[in-house]
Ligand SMILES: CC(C)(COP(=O)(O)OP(=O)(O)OC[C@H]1O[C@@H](n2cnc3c(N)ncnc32)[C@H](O)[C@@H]1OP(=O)(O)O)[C@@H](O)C(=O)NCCC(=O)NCCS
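Shown next as structure tokens: one chain only, the form predicted alone.
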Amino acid sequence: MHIEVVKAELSEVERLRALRLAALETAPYAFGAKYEDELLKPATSWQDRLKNTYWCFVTVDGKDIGLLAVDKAEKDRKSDCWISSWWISEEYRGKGIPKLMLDWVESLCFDNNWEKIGLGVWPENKRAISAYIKLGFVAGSEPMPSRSIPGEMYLPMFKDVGSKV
């Protein structure tokens, strides 16, 4: 099994769209976005995502099976960067792929002098929480209000990565 984690290029709009829609369709419980809404977004919306966010794609033997996004975090996130849209196709879970994806994120952190990674997870998504804990994330002290689903709260989780220097 040959696994690759690669940075998405600006020209890969359709690839991003296809993977993001697959994530929302197969794991709707994990995200704030909805498949039906994302399906209707124009190509320019997907292009903007590639311009303004770091995305990585994961392939196994040449087949796309995962993705995640990383943004510079806004001040209220209590971290330097924020992971979102983290997804791996169900048939490839439990094979160590999240660690490879986190290695990619940590490399990005070193390149940008980010020392603390943050992400949000729905409190009832115990499988994801367990996976994040195994990767070294710790839960924040208080739930935070969702930006995508008003009235919902998510559990913030953080991982310190230190700095290059």
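For every residue, the number given is its place in the sequence shown, counted from 1. Predicted, not measured: the structure shown is a model, and the values here were computed from it.
Below, we turn to the form predicted in complex with the named molecule, even though it does not appear here.
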Q: Look up in the model of the complex whether T53 has a non-hydrogen atom within 4.5 angstroms of the named molecule, and give yes or no.
A: no
Item to check | 4.5 angstroms heavy atom contact with the named molecule in the model of the complex for G140 | outcome: no
Exercise. Quick one: does Y132 come within 4.5 Å of the named molecule in the model of the complex, counting heavy atoms only?
Worked result: yes
**Asked** If you check in the model of the complex, is R93 within 4.5 Å of the named molecule, heavy atoms only?
**Response** yes
Students should find that, of A33, L100, L108, A27, the residue having a non-hydrogen atom no more than 4.5 angstroms from the named molecule in the model of the complex is A27
Note: the named molecule not shown here; in the model of the complex, the stretch from 132-140, 109-117, 55-63, 35-43 having heavy atoms within 4.5 Å of it is 132-140
Restricting to 115-132, the residues within 4.5 Å of the named molecule in the model of the complex through any heavy atom are G120, V121, N125, K126, R127, A128, S130, A131, Y132
